[in-house]
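Here you get one chain, nothing else, as structure tokens; it is the form predicted on its own.
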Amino acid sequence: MSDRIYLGLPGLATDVTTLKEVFRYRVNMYTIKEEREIEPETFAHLVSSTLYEKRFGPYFIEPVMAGLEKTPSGAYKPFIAATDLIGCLNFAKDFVVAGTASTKLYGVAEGLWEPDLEPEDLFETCAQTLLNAVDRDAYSGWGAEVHLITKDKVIKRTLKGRMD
């Protein structure tokens, strides 16, 4: 959504396409109106309110948001959040999961995640968590993409899973 905010939309493909455009439009309108870039927490509330508008006929997605939030001192701190399909926010300090393999993701993530991981260790934790869950959930697909967001750059890596 911006240089510091990434959005994952696991769910029904048509709803993903629709909401991607809705969020892009609303972020652009925010930027024009406020004359500044949207912060990750503000974006999370925008996602939540957009989903809640359709709570009686919800979109079938569970958004996951990650980014770097600017602190008053000018430093950046990690931000992660997720919502359910009607927009109930879940702010977390460690990790969030969503999608059909979410129950499998929790188990491995709880076992591997540690605070203050270095980028390579965090990538390895994400890779192992995703590949183990995808191998146990037929609906999840055959791989994953991992985006590591740092203050200087974004590292994108593609993971290939079993294809049997």
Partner chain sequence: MEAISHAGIVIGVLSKDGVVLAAEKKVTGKLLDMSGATGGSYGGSGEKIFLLNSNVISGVAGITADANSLVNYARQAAQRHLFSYNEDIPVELLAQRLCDLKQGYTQYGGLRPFGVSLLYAGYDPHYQFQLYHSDPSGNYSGWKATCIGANNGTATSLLKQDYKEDISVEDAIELVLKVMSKTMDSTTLGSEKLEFATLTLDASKQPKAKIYNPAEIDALLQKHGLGKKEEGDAAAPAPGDLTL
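Residue numbers count along the first chain shown, from 1. Remember, it's a predicted structure, so these values are computed and weren't measured experimentally.
The form predicted in complex with the partner chain exists for this protein as well; it is not shown, and the discussion that follows is about that form.
Within 4.5 Å of any heavy atom of the partner chain in the predicted bound form lies no heavy atom of W142. The partner chain in the predicted bound form is not approached by L117, whose heavy atoms all lie more than 4.5 angstroms from it. For the chain shown alone, V16 is not a contact residue for the partner chain in the predicted bound form, no non-hydrogen atom being within 4.5 angstroms. Among heavy atoms of E37, some come within 4.5 Å of the partner chain in the predicted bound form. For the three residues A44, Y52 and R55, a heavy atom within 4.5 Å of the partner chain turns up in the predicted bound form in no case. From the list 22-30, 123-131, 107-115, 94-102, the contact stretch for the partner chain in the predicted bound form under a 4.5 Å heavy atom rule is 22-30. Residues are counted as partner-facing when one of their heavy atoms sits within 4.5 Å of the partner chain in the predicted bound form; in 82-105 not one qualifies.
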